[in-house]
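Below you'll find only one chain, the form predicted alone, shown as structure tokens.
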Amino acid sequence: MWQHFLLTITRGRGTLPAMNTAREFLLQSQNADGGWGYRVGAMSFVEPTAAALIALRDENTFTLSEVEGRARDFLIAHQHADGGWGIAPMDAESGWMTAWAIRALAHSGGANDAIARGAQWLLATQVLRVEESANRAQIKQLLAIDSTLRGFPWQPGDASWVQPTALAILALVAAGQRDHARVREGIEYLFDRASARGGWNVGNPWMIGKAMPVTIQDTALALSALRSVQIAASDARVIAALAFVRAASARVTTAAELTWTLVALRDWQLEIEDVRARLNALQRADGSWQGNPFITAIAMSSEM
């Protein structure tokens, strides 16, 4: 009984014991190069490193810890000459991981030049779109989308997708570019790709007359992006998406799904304690979720 009480303690009354052990897991699983992989001892990637830096950063202090400093140094050291980041040090092509790096550096403070260069790379990213009227009409009929709207791609020159668009918006807002035209267009893209039933999937809400399944992670990230640009909670599309998340929260069972559910509900200040208790019940003895530094870091961030 007392263990259950500790796991369901309300926010605002101190850090959860679960988060303390998760922090220790991240501190102990940092690689020698300053980064983190998707499992302990695996090669460092930008995404889990950025997520860990965000999760570990204590905004009540003015200086970085040694662990945080090494993580920030890892990200800065692997920024490309064009301003972007690849998925890992061996990746020479800049892509969607740029958004994660920008967010982490902005959260950690300083690194203004790296953040500005990364933001400029994102803003200049080319994306495939269809503007010819006949093709636009056909795509509208088949997919029920506006093919002229630019979101953000996984890699430059590809089509837009929900997840990299949401991440790019979050990064550009963190970099002080909230009012940029590219951010506004990205928000239009997200609204255009929203499912009529509420929420988002990886891309198109429809495919040849059939509604595509909605996913927790894409919906959570899209909702976070909308929150970052201060879209009203009364917006019908937000209400529908949050209703999907709350309904889905009753049936999801994995740590990743529960973590992203918490992210969506937390950002819109909705009740999360039932979901958090279920997530914490899946925490391993080493403090992690699934032995995965990335999922563990997102779980920690969902408490902030």
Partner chain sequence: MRNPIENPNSKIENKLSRRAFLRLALLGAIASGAAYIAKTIEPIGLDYLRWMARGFTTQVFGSRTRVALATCATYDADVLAALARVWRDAQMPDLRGQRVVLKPNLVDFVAGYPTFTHPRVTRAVIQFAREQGARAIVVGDGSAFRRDAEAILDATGYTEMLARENVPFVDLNYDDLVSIPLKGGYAKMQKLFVARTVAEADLLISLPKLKTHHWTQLSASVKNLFGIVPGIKYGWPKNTLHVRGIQFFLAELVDSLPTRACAVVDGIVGLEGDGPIFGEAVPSGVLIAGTSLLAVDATCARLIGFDPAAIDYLNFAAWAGIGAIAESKIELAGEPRAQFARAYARPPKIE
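Residue numbers count along the first chain shown, from 1. Predicted model only: the values in this text are computed from it and were never measured.
What comes next is about the form predicted in complex with the partner chain, which does not appear here.
Using a 4.5 Å heavy atom cut-off, state whether F25 contacts the partner chain in the model of the complex. Outside the cut-off, so no.
Are any of the heavy atoms in M97 no more than 4.5 Å from a heavy atom of the partner chain in the model of the complex? Close contact exists here: in the model of the complex, M97 approaches the partner chain to within 4.5 Å, heavy atoms only.
Flag P213 as yes or no: does it have a non-hydrogen atom within 4.5 angstroms of any non-hydrogen atom of the partner chain in the model of the complex? Result yes; P213 sits at the interface with the partner chain in the model of the complex.
Is it the case that T254, even though its partner is missing from this view, gets within 4.5 Å of the partner chain in the model of the complex, heavy atoms only? Heavy-atom contact with the partner chain at 4.5 Å: present for T254.
Would you say all of E47, D158 and W161 touch the partner chain in the model of the complex, counting a heavy atom within 4.5 Å as a touch? Spot residues vs the partner chain: full contact, yes.
Have a look at D192, E185, D91, D73 for me and say which one sits with a heavy atom within 4.5 Å of the partner chain in the model of the complex. By the 4.5 Å criterion, the partner-contacting residue is D91.
With the partner chain left out of view, choose which of Q217, S228, T125, Q79 has a non-hydrogen atom within 4.5 angstroms of it in the model of the complex. Of the candidates Q217, S228, T125, Q79, Q217 is the one lying within 4.5 Å of the partner chain in the model of the complex.
Looking at 238-246, 49-57, 256-264, 271-279, which stretch has residues with any non-hydrogen atom within 4.5 Å of the partner chain in the model of the complex? That would be stretch 256-264.
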